[in-house]
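Single chain ahead, by itself, as structure tokens, in the form predicted on its own.
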Amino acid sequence: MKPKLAAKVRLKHDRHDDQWLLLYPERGQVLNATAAAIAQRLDGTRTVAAIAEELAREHGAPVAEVEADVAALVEQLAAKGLLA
């Protein structure tokens, strides 16, 4: 599976508050740094495993732990209908 944010979803950086937001019809969600890093990679070209490997390499974290975080966020977004 190569998850991708749905067309109705925008990832936006709020410079004023220095935070990332997922904006979708009539709602929005503030993302922490980890969720933002994952969401930025949900472009339909990478698998969950590839995203996890990339982030683990960047942050020197165990791939298995990062993959669990990526999978959890993908599941949450899918449950809300925010993935294509």
Partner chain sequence: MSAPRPYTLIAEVTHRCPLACPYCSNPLELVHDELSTAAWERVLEDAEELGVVQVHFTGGEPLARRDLEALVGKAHALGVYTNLVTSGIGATRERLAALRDAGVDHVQVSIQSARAERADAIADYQGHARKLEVIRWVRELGLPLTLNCVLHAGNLDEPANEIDELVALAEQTGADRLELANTQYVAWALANREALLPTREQLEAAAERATHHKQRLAGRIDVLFVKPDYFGTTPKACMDGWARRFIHVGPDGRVFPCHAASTITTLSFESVTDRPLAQIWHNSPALEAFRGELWMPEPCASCERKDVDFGGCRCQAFALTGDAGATDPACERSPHHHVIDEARLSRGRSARGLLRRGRSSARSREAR
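Positions refer to the first chain, counted from 1. Bear in mind that the values here come from a model prediction, so they are computed numbers and not experimental data.
What comes next is about the form predicted in complex with the partner chain, which does not appear here.
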Taking heavy atoms only, is P25 within 4.5 angstroms of the partner chain in the model of the complex?
-> yes
Is L21 one of the residues lying within 4.5 Å of the partner chain in the model of the complex, judged by heavy atom distances?
-> yes
Answer yes if any heavy atom of A7 is within 4.5 Å of a heavy atom of the partner chain in the model of the complex; otherwise answer no.
-> yes
Quick one: is A79 in contact with the partner chain in the model of the complex, heavy atoms, 4.5 Å cut-off?
-> yes
